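Read the single chain below, which is given as structure tokens and is the form predicted alone.
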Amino acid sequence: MVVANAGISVGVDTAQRGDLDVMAQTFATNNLGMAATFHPFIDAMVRRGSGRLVGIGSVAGVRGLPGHGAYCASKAAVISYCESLRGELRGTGVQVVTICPGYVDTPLTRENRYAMPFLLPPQAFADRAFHAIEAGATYRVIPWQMGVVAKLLRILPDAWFDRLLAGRPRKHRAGQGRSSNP
């Protein structure tokens, strides 16, 4: 089993030129990092006829959030990439699993300036992810309640979604977080 858990999350403001570099770094880590992690194992797993590639996406990849454009877009790409890879490897014996966490209590999320429903301790998330992988899931949102929330947000008309998120605090941009020291 190979687990690709690359992930950085920094707020962006596309009007700020420097934040485009942050976006490029986010995509390089979250997307190319995942592909580069999987790459050296795929041929051997296919030859063996077994193996698991586990990509860690995020519930944030289901719908874009203001100030989170780089992270949300990169995690949406993780979900699509894993789905594509699963199709490419169908019939080879290699399983591709996409795990999409909601909020997990980490130093990264402790910087967030907004409510984080269904926040999980890291061990609880890890236990649930392990069980989903062992059960043969191909896609799982953890906790399941965040999956329901994400699906509801996905089907909301854009005008309602925009109104719901109006005024929501944004994620800290590079150099703005409490733990970001110059």
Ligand SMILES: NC(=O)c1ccc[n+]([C@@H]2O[C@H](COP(=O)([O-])OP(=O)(O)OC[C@H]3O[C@@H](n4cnc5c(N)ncnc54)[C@H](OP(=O)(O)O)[C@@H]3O)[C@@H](O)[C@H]2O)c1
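These figures come from a predicted structure and were not determined experimentally. Residues carry their position along the shown sequence, with the first being 1.
Another form, the form predicted together with this ligand, is not on view; read the next lines as being about it.
Per the 4.5 Å heavy atom criterion, this ligand in the predicted complex is contacted by stretch 53 to 61, the sole one of 38 to 46, 53 to 61, 127 to 135, 145 to 153.
Taking non-hydrogen atoms only, residue 106 approaches this ligand to within 4.5 angstroms in the predicted complex. Proximity of residue 123 to this ligand in the predicted complex falls outside the 4.5 Å heavy atom cutoff. Contact residues in stretch 127 to 158 (any heavy atom within 4.5 Å of this ligand, taken in the predicted complex) are absent; none meets the cut-off.
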